[in-house]
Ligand code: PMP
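Shown below, as structure tokens, is a lone chain in the form predicted on its own; questions about how it binds or moves come after it.
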């Protein structure tokens, strides 16, 4: 693992916080309390939250890091492993922030073009990784914005066939199956990202976590900012984990509605891509987005290689019915039940 780490990081030490018990605390230049103890800095290691995540994921606490959404964790990975001008590769199209963060950290980024915006030739992709001499491979799985999915067996082929850090961003995995989080100790180059923004439906608290072997986690902690996750997010994260029955019920509803919306879009001739996430990408025309906006309906319109594609998130049953009805009306077709 050491061979992947940036030279500047090798001699760093993680920021340490004095966690000793106290009756008077005057060591951190905090203000005088006036609002429920929030004058104190949050738990630097988010001990309670990490313990709860350990129970849920069946991973050791030493194999987990929490952060401000997956975005902060992606940055931490690049800070730890990416030297200037080294390559980060992914598939294309995918989450735009992979390229943006790579550019910010003076790396080079290349995307491997998916067939029909959904299929990845794994053997050819592995050759692509080797050709680019990639330091880091990042895969959104299920993929955003296409909703397509790379099977676990194929992820393992990439791990075995690549001399690179392989990051699997499982932001939408709860709407599918086949997570690779159970493989973090089988492959020293594997990092898995998760978020509370999608299935747990608390995007407003900006909470995510990273799972990897202890060696990777120790290096990443060297570049993590002190107190990176605020106390409120930690508490709500615990509440979300304690509300798993509600979360699972919503996941099942979204999966049912996803199937219904996909079939409706298919019947309208809009060529929706089969989705393993909580959204569907389909082909619309240039004016559909504006038409939906006129009814106060916001969907995501794309440009570039995805010009003419629209992504719709799966909402409540009532929201989905209204969107499908409006799309059907726009195309002057009877909306299916």
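For clarity, every value in this text was computed on a predicted model and none was experimentally measured. Numbering follows the first chain given and starts at 1.
There is another form of this protein, the form predicted in complex with this ligand, and it is not shown here; the text below is about that form.
Options 234-242, 258-266, 148-156, 189-197; stretch whose heavy atom lies within 4.5 Å of this ligand in the predicted complex: Every other range fails; the passing one is 189-197.
Exercise: residue 164 in contact with this ligand in the predicted complex, heavy atom 4.5 Å: Answer no; every heavy atom of residue 164 is more than 4.5 Å from this ligand in the predicted complex.
Contact label in the predicted complex: residue 274 to this ligand, heavy atom within 4.5 Å: Taking the distances in the predicted complex, the answer for residue 274 is no, it never comes within 4.5 Å of this ligand.
Close approach of residue 69 to this ligand in the predicted complex, 4.5 Å, heavy atom: It does: once this ligand is placed as it appears in the predicted complex, residue 69 has a heavy atom within 4.5 Å of it.
Exercise: residue 125 in contact with this ligand in the predicted complex, heavy atom 4.5 Å: No, residue 125 sits far enough from this ligand in the predicted complex that none of its heavy atoms falls within 4.5 Å.
Candidate spot 98, 144 and 172, all three touching this ligand in the predicted complex (heavy atom, 4.5 Å): Looking in the predicted complex, the three residues 98, 144 and 172 all sit within 4.5 Å of this ligand (heavy atoms).
Listed residue (206, 108, 79, 221) with a non-hydrogen atom within 4.5 angstroms of this ligand in the predicted complex: Answer to the contact question: 206.
Stretch 228-253 - residues with a heavy atom within 4.5 Å of this ligand in the predicted complex: Contacts from 228-253: none.
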